[in-house]
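Two forms, one chain: they're shown below as structure tokens, one block per form, named structure 1 and structure 2.
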Structure 1
Amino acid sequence: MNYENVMKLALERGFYFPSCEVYGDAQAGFWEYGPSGVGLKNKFLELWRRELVRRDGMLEIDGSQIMSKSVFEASGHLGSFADPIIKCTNCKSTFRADRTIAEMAKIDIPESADLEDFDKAIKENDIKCPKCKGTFENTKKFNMMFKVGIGPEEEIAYLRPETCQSIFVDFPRLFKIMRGKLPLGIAQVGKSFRNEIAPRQSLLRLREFYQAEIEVFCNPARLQEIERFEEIQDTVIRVQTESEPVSMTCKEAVERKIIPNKFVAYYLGILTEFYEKTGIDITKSRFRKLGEKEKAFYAEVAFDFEVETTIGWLELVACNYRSDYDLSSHAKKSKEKFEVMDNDEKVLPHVFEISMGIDRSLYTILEHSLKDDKENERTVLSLKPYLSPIHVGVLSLVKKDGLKEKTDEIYVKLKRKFDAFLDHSGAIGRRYRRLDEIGSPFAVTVDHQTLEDETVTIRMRDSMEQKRVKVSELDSILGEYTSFP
């Protein structure tokens, strides 16, 4: 299944759709999750908390979306968080320089390259404006943060471009009041805002988007001493080499110095295990080490976790070793102390970041799970049962003879524990197909025999197998399959 198939599913089954679409002039880059999308997103985040946050006893915060100008002066975003843009001298249209060059000349230039590199590529390849064939002005930098004015005096502040800065500025307080000990992971889920020049392809490049970020504060002298490395040393990860991704264990990656140390390898390993549990095809994944001109300005070493889709490789997670860049910058700007004690040693912690794009992850899960079952003439969204927005559909064979009332009774009991959907109308086969398409792993059908012996037919989404079970057994059957692993 491709991008168009996923978009059709998303719009027709309530996963996501454009914001303010009734007005027809809604700004690009803003999308909204419908009921199915919210169900999938919430379960994805619960799995993230179980597999990453709670695994190591990390802390979770919920920081402000609007932050002081001082924060971004210290972080470097005011000076460095910018995309290269080019403006047509004729029609005045503005474009991303790197993307325009890639699309029109098939040349990949990192967005962090020097401005002169873009101008040179445009000149040498005679690239003209896609709209009017005009020439371009010299490449400039465009800061992507949204500026806001606070109060009647319009004090300058910004919508956060990433969720992590509140983690950094809150670190001294959190370490103290939570009796922290290095290494310490602090996590946050929330919205970030970037004034993208050319948002496109629904959830893949947004101006308002969800992130799930983890910042692990560590002693840089002890990156080979992580206690739980043995738990993932045999976990297979895929690392991009010069030609293609190669599978190897985390232990092998460290021994071959492909991954710099056990500390980084540990988190790449548990990240791989997490995404495997989401249903994404891990054989189509890779960790790609970024070059000097590709990585973010704050990163010392960076790996992108990317997954192959029908529209190319998508970056789902940025894994950045930020060293002490953030804490030292905020300490200098705020004049506050950010050093902490690690046993008997005072240390300014370094930070390893796992910055996850939730929207892109959900798109990839949908594409990898959407199947065209031609043999049975149906579309199936084969989500992991614990991620499905609807766990079970509860259907009456007909609405008469007391079946509607019995179906309602079973539905009321099930919806206390599971995400259940009640459906009385239409042909039973058509109702099954609708549930298949939204990803519901089970359908329970109430018929006349139910009134006689308290049994129902339960149908499995993927195999289409049907079997007779007692109503009293539904809780345990559904619970076994829909519980998180």
Structure 2
Amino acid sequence: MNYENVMKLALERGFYFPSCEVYGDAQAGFWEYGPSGVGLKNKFLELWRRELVRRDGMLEIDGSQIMSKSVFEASGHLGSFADPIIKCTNCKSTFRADRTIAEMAKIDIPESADLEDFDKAIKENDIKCPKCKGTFENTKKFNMMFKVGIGPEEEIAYLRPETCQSIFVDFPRLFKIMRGKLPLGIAQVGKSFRNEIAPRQSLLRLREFYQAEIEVFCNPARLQEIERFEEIQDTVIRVQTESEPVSMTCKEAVERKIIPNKFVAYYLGILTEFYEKTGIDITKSRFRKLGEKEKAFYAEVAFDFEVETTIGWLELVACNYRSDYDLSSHAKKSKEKFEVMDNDEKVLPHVFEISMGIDRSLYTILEHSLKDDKENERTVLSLKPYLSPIHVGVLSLVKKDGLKEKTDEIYVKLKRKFDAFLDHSGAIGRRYRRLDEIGSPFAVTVDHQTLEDETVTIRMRDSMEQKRVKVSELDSILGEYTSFP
């Protein structure tokens, strides 16, 4: 199914919808998750914790969304997260100052240069708008970070543009008090904020968005020594270094030097295993190795995990080897010590980052799971049972003859353990289809036989088959089918 179908489902069934929609001054790039969306998101994150955080013995923290100016001076975001832009006085088009000058006059000015340098170059080389030959306004800096004023004096701080900075600045304390040993993963889920010029496509480019980030601190001298590599050496990943993605095992990827070391390969491996369990079609995925110009300013080696959807390849995760970029800049700026002992060696750890976009991942799960079942005239959201916002619908075949009361009784028993949904209203087929659309994998139906022998039917979403089971067994059956893998 395509973007339009997913959007319709999202709006009709409460997965997500525009923020502040009743007001005309609502800004673009802000969306809310409704009940179904929150259900899916919570379960997705639980899976992430199981498959990455707990599997690897990582620490999870929850940091501030507003962070001080110093953090971003050290991180480089105040300098490099801003683009020098020029605007044409005639046609109002905007361009990157450094790129336009490089293109038109063959002069390289670093993007972090003073704004006067750009203006000077434009004047001296008589650079005009490439579109309409108009003249340019003075160069401005466009920083993607949201500024906030703190306290009555409105001291400047920023909404974080990525969650990971708290992991870096908290590292010295965490390593000490949590008795850390390299390699050590520290994880965080939370919101980040970027003032995108053109937010678009609902969850795919937001100004306020969720990230699940992992920073693995490691000794750069020991990147070939990761013990747990054996666990994933035979896991098949798809890697694209040139034109087409190629499937290979993690072991092969390291041997052929497509991935630089076992350490990076291990994390790409467990990441692939995680995404496989979300129900995303992994044959439509790739780790795309980024070229020099595409990489973020802090990255030494970078792989984007991308998945193909009906609107093209979507970047779900950025995997960056950030070297000691972050720790050394924070050490220098804060004058704190960031070195730690690894066996008998004092090292400033390097960082490998797995920066996941949660919103885009959820969209992709929805798109890959949404099926148009023409044969049975229904729309089915074939979510993995453990990700479904509703685990089980509890339905009465008819309301009369005491079936309603019996159904209520069963619902009360189930609802504290499972995400259960009670429904008495309308024809039974209609109720099944409603459940199909929000991805509920099971429906329990109470009929006349229930009153006689304490059995109910349990209907499977995907096959539409039904089995008769004892009410007393529901707990264990549902528990088994809806538990995380």
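Note that this is a predicted model, so its numbers are computed, not measured. Structure 1 provides the reference sequence; residues are numbered from 1 along it. What we label the rigid core is the largest C-alpha set whose atoms superpose within 1.5 Å from one form to the other.
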Quick one, which of these two is the form predicted on its own?
-> 1
Exceeds or equals 2 Å, Cα of A198 between structure 1 and structure 2, core fit | no
With the core lined up, does the C-alpha of K141 move 2 Å or more between structure 1 and structure 2?
-> yes
Using C-alpha superpositions, work out the turn of the smaller rigid part against the larger one between structure 1 and structure 2, rounded to whole degrees.
-> 60
Rigid-core fit: what Cα movement does D83 have between structure 1 and structure 2, in Å to one decimal?
-> 5.2
